[in-house]
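One chain comes next, on its own, written as structure tokens: the form predicted alone.
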């Protein structure tokens, strides 16, 4: 009998359907991975299992007991513990104190509030035992904030284990780690096999396939596949979810996509050198190097969580780099605020579009009209509407009344109204129907052929090799491969290694 049973689990956030009738079984003492592309619903699912969210429909059963409406703290006492994407510790307390708090919560000794914690010998002894289990026995009296990021993740796992769980939920346990730190955490998770069940959410496919007994794949809030690692790796629908097509499938040409031209050979308009970036203690970029030549169309590829969005956010000034340089048209911009970067001619079409929902299409476009570079043929309202005829009939509709594809066209048009020299698109066609994807690609091809430089993040690799000049693949915050479309198209094993499962 399964330890955890999820049946028909559904979660809506207003009009957004994040999870739809999901079924999942986790068996005692197994490592069960939950994977899927960006926005698949993985974190929503584990939040429902751990009690941080309540489902719209469906049930959660643990050890045969219905816990659908049991609050999170009671689920912990029943034997469900979890870690989070962002480390969640008491930063000023020592390793020993953090672990002792978890032991206190489980044993009930925290109710003896008239006695100092130092007198609780058994409590401290058990906390020290957990520290040894997670490899922190030499750091007992070190404050959590003084630990490395990898050690903080080890401590957070120790806090979960101190609750003496039957099931541990690990949400991105290796995110932001160096390779050495990742190896330590992988060894630690492997040591749990046979002792406690693990539900693992992870984007690093090497980690997933090294650790997992079974894998469930979520796509757009639904369970696409579930089975052994080998079964999942061979499933063409899983590859389609990550790449937009089956890895070994027959190529199906689409109209309006060109065969790539030679890469522009001029000086780079954008130069990124040894770029490093962090979110708190979690380092995401470990020395990214890339170049975008003037007039080129370059892609930035990689699985979700590999640092693509952080790279473009650092380029445009939304994230302050920890190290390295960003040079645009010969000028350093890595310390400029976002508005300063934009004023130089860099425009970002963000993931999720982020248009103004309470403004009309016309107002969304005109609010960004500017020609700071003094272009002879600047982008105007009519010119954007010529590029995206669908928007002409929607001029007086509010942003939130548009379809997803129309919102993406509006987001691109809004960026063009700033008259940029470099257009950056983060997940350019995510969630769009094939016909609308084709319209977006056709527009990008037309823009690039008119001389606009484009840096593009998207997942449809087969199509991108026909659209773009050059590609960079990110793996764990580093450029793992770069090359022209011909080289990428000729080596599908690269796609499997860095972009699929």
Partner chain sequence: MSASLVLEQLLNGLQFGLMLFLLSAGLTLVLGMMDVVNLAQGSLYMLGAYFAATLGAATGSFWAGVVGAVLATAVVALLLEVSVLRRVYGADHLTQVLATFALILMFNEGVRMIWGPQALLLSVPPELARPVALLPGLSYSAYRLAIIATGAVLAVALFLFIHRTRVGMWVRAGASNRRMAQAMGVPIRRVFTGVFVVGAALSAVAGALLGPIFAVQVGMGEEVLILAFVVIVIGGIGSVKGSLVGSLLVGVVDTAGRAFLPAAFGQLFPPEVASNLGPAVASVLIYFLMALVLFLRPQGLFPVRG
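Residue numbers count along the first chain shown, from 1. Quantities reported herein were computed from a predicted structural model and do not represent experimental measurements.
As for the form predicted in complex with its partner chain, it is not shown, yet the points below apply to it.
Its partner chain is not drawn, but in the predicted complex it has no heavy atom within 4.5 Å of residue 237.
Under a 4.5 angstroms non-hydrogen atom cutoff, its partner chain in the predicted complex lacks residue 323 among its neighbouring residues. Interface residue remark: residue 149 is not counted as part of the site for its partner chain in the predicted complex, having no heavy atom within 4.5 Å.
Proximity of residue 407 to its partner chain in the predicted complex: non-hydrogen atoms within 4.5 Å are absent; the residue sits far from the partner. Contact annotation: of the candidates 225, 387, 366, 188, the single residue with a non-hydrogen atom within 4.5 angstroms of its partner chain in the predicted complex is 366. Only one of 327, 395, 359, 128 comes within 4.5 Å of its partner chain in the predicted complex through a heavy atom, and that residue is 359.
Residues with any non-hydrogen atom within 4.5 angstroms of its partner chain in the predicted complex fall in just one of 203 to 211, 296 to 304, 229 to 237, 338 to 346: 338 to 346. Judged against its partner chain in the predicted complex with a 4.5 angstroms heavy atom cut-off, the residues 313, 318 and 415 are in contact without exception.
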